[in-house]
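In structure tokens, the next block holds one chain alone, the form predicted alone.
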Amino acid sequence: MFAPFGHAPLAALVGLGATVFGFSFAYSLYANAEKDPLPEKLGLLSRAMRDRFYFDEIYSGLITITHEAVSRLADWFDRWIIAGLGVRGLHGSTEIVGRALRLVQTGNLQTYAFLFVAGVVLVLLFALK
């Protein structure tokens, strides 16, 4: 509890002084008051303080705008990139390759030998260039 006085005595004393000043100022302002004297003395600043400097309204407006923008961006990214290109794109390309390979698989040994030789020729052509 007394460690701040040993570590930074000036800061601790200034903090205590501000506390004592605040309590004495509040006592002098409210000691004999029948109603709140701040609205008469501060005017519009008193209303802004009562309405919390409109922080909640500003915060709500900003969060609503940014939340909607981020959620729409996330929805677009999920629909078109993840589901569209990722899932449906992979599914479509796999299906097309599967259909193409089905045409090649005839069950005929001579066709398989021909495709094997054609593949070896292509590999040799690319390797020798």
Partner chain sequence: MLTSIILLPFLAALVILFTPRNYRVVFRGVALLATLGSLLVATKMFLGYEAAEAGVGGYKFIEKAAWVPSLGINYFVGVDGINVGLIFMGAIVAFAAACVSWEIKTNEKLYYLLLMVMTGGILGAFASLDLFFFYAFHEFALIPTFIMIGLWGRGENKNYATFNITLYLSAGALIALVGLIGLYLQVPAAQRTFDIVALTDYFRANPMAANVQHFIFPLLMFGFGILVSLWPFHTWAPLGYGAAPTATAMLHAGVLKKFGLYGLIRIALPLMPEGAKDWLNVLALLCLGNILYCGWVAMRQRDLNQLIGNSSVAHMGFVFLGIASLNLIGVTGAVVVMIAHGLLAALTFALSGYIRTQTNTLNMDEMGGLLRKLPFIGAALVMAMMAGCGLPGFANFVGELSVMFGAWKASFGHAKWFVVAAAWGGLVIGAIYMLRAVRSVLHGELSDKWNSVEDAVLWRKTPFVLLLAALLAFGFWPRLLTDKIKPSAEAIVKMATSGKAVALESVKR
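Positions refer to the first chain, counted from 1. Keep in mind it's a predicted model, so treat the numbers as computed, not measured.
From this point on, the text means the form predicted together with its partner chain, which you will not see here.
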Revision key, fill the gap. Its partner chain in the predicted bound form has a heavy atom of only one listed residue within 4.5 Å, and of E40, E34, D56, E68 that residue is E68
Review point. Is R47 close enough to its partner chain in the predicted bound form to count, meaning some heavy atom within 4.5 Å?
Key: no
Practice item. Look up in the predicted bound form whether D51 has a non-hydrogen atom within 4.5 angstroms of its partner chain, and give yes or no. Key: no
Check your understanding: I63: heavy atom within 4.5 Å of its partner chain in the predicted bound form?
Key -> yes
Practice item. Would you check, heavy atoms only and a 4.5 Å threshold, whether I82 touches its partner chain in the predicted bound form? Key: yes
